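Next up: a single chain in structure tokens, the form predicted alone.
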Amino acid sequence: MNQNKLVFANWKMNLNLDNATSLVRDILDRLKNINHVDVVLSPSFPYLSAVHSLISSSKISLSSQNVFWEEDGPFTGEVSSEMLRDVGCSWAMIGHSERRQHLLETNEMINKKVLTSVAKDLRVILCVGESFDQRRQEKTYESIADQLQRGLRKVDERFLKQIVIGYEPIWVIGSGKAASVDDISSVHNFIFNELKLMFPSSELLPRIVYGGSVNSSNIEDIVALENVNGVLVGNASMDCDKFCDIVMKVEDSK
């Protein structure tokens, strides 16, 4: 398994070109000496090229927030993996809960995106997580197992090194409060064991990162947990001081 921790910044549908450019320049200046953390920035589609031009000579990688499973054709508004690679992306985010909820993405659609992306040499962060109702009904593990099994269906083991699992409890996102350390630990351990069951002969399982109100105050406790290989950062990733503090604390945790 890749021994580096991962810090993945999801800017969602925020920032304009000036804001994004300024933020990236500040991040580059602050993170010059980071060597043991994989940092990935995920801006909105219109700014992918601009961000790539700034980070192309750095160790920071670029991700899209979505991808489509076809390479071309009458799919208005969609973007293919080849197009993403053309503008400098080496990553694609797939299955974020906001897309599952607001855009009605299904596990079957998500699986197509995963299969196409890894075949085109993109790295993938596959997001999974339970809703408040599923948690209340004690269906957290059942829900996550279903998302993993359907999302990774027919994935060849040779592509596992390109995949990261992002655990985001839906009931936490945007709340400003992270899940408890015990909750994070138990779900990450479950995901790790589920991946071992799904790919029993693989020596290289996907890294597992946590997302959901991650900040500089809770990051040290989170990344100290077993089977937590990094974090997916939302709001804090759009503040240079907060984001860089998170990255540096993850670096120090190694």
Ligand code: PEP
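Fair warning: this is a prediction, and the values are worked out from it, not measured in the lab. Note that residue numbering begins at 1 and tracks the sequence as displayed.
Below: the form predicted in complex with ligand PEP, not depicted.
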### Task
Answer yes if any heavy atom of residue 19 is within 4.5 Å of a heavy atom of ligand PEP in the predicted complex; otherwise answer no.
no
### Task
Verify the contact flag for residue 216: yes if a non-hydrogen atom of it lies within 4.5 Å of a non-hydrogen atom of ligand PEP in the predicted complex, no if not.
no
### Query
With a 4.5 Å heavy atom cut-off, would you call residue 98 a contact of ligand PEP in the predicted complex?
yes
### Message
Contact with ligand PEP in the predicted complex for residue 242, defined as at least one heavy atom pair within 4.5 Å: yes or no?
### Response
no
#### Entry: Contact residue in the predicted complex, chosen from 109, 173, 79, 145 - any heavy atom within 4.5 Å of ligand PEP
173
### Task
Determine the residues of 229-252 with a heavy atom within 4.5 Å of ligand PEP in the predicted complex and present them in sequence order; the list may be empty.
232, 233, 234, 235
